[in-house]
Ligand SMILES: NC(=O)c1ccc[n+]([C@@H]2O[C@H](COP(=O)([O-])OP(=O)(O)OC[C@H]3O[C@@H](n4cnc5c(N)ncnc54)[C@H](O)[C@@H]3O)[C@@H](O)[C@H]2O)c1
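Just one chain is shown here, as structure tokens, and it is the form predicted on its own.
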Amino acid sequence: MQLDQIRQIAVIGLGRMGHGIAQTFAMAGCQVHGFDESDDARATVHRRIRGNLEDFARNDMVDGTEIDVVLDRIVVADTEARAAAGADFVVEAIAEQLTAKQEFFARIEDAVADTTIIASNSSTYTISESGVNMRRPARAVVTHWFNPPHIVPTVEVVPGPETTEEVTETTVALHRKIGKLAVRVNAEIPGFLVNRVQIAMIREVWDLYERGIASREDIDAALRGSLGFRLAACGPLAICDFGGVDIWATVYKGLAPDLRHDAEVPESIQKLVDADRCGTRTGSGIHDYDPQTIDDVTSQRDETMLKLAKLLYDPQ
């Protein structure tokens, strides 16, 4: 499958990630057919995407007169097979459960042409794991988007050992064409690139939080105003160059032995999970949220990210 042959996209799973993925393809002019097992997800997907597009319009990242045009490119099917029929590129954004993904990849091949590329939006599982039961694993690849997917620029493209070079190159080119910062990860590894770095940081952040080294508010503020601020301008390896690799090596030798390095979830975090304090989705997490203002908090986050995206990644 060549880039110029890809015209119709199927997005399977229209929840938190899938609806933003569908929106991004539609904004780039693609015809998108979507499906979700949830009646509510199917019924509300256009409303949710309209809200996202209105945010884009307020930030001059889409013409408000184009909102209905974009929405018209998104067709919600009543079955998975109908959504996938005729698709040149399929991306699954279903539950992050290995068995569910393996079952999906095993059955979706019957609904698409032999040339169709099939991608997984997994944040953890390699395509070798998810596609273990496929007849033609050479056309399967991971495309790992980040929440919120319609705003965060990066998409990791991770081929498996059986993925063809043509499929990998076409997938990278497709995501760059629709305006994403597509990054090729050269080897299969659990968690790919970004999540491995993110989990390493979160392990230390959780440890500092549990030990009371700083308050939850100050931890967030400190990292936003330092790491987050610098990383928005240049990557971590460039930061090492600006600071001096020799200095970083010295700091590493001094601090690395004292950093948390086990594989256990901290007790304070596990207690939150056990109490169903899982974050904005459940109404409370590490921070407390007023149920009436969660939508406002989410909108504020998205507005900030949109401004950053426009400043740093908008080609215009």
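Start at 1 with the first residue shown and count on from there. Fair warning: this is a prediction, and the values are worked out from it, not measured in the lab.
Although it is not shown, the form predicted in complex with the named molecule is what the next lines describe.
From the list A83, A93, V158, I118, which entry has a heavy atom within 4.5 Å of the named molecule in the model of the complex?
That would be A93.
Only one of 38 to 46, 282 to 290, 257 to 265, 62 to 70 has heavy atoms within 4.5 Å of the named molecule in the model of the complex; I'd like to know which.
Correct option: 38 to 46.
How about K101: is it within 4.5 Å of the named molecule in the model of the complex, going by heavy atoms?
Close contact exists here: in the model of the complex, K101 approaches the named molecule to within 4.5 Å, heavy atoms only.
Would you please decide whether K307 lies within 4.5 angstroms of the named molecule in the model of the complex, comparing each non-hydrogen atom pair?
So K307 does not count as contacting the named molecule.
Would S122 count as touching the named molecule in the model of the complex under a 4.5 Å heavy atom rule?
Close contact exists here: in the model of the complex, S122 approaches the named molecule to within 4.5 Å, heavy atoms only.
Report yes if any heavy atom of M17 sits within 4.5 Å of a heavy atom of the named molecule in the model of the complex; otherwise report no.
Yes, M17 lies within 4.5 Å of the named molecule in the model of the complex.
Heavy atom within 4.5 Å of the named molecule in the model of the complex: which residues of 137 to 157 meet that condition, in order?
The stretch 137 to 157, when checked against the named molecule in the model of the complex, contributes H144, W145, N147 at the 4.5 Å heavy-atom cut-off.
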